[in-house]
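Only one chain comes next, encoded as structure tokens, the form predicted on its own.
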């Protein structure tokens, strides 16, 4: 994708959809739009031009409308009478999403510490070891993938159904922003220390510590995300 100037009011730009992609057109549009919104390529309150988007993606307006309806259920856009669809994602909105994710992730970690079995503990240890290796080598792409693997494993170990469903809507970090964060050696080490502490608390069955360390990790990493996406734009 070609990133637009985030301080500009012009529409973010997108590439046409490759027909060989193994996902529906609507899902592709949704994923691309979601990534653009959460990485700050649209301004809060900016109106979405559906026809322009359809031309950029090389599709009809139908999948655009479907994707926007899905984004509206996630709270990222809003359909307003006589105005059309506008961007609702802003710094304050992102802060609330971070706090919501912190609350959910911390409770999932709490339950994981109570419910994880020996096989799960061993797998979590392996993931933490791989994170140490990737941190030492500065492999940002591996760290992005391992971070998702780590949290997915915690979710699986918690045996949660309802909470896991709720947290799906709180996944809003864009891969490009994650890469910027993980290219910083200091941030990489902080994230590693936090993940190791979470893994150790879960493996030890210390539910309260697992909950606390997970919450602190999500809030701190969320603050880092906010500083990159919004403070560079001067948004308050």
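Residue numbers count along the first chain shown, from 1. Source: prediction; values computed, not measured.
Note that the form predicted together with the DNA isn't included here; everything after this is about it.
Visitor: Out of 31-39, 184-192, 62-70, 201-209, where are the residues with a heavy atom within 4.5 Å of the DNA in the model of the complex?
Guide: The contacting stretch is 62-70.
Visitor: Are all three residues 26, 50 and 83 in contact with the DNA in the model of the complex, where contact means a non-hydrogen atom within 4.5 Å?
Guide: Answer is yes for this spot.
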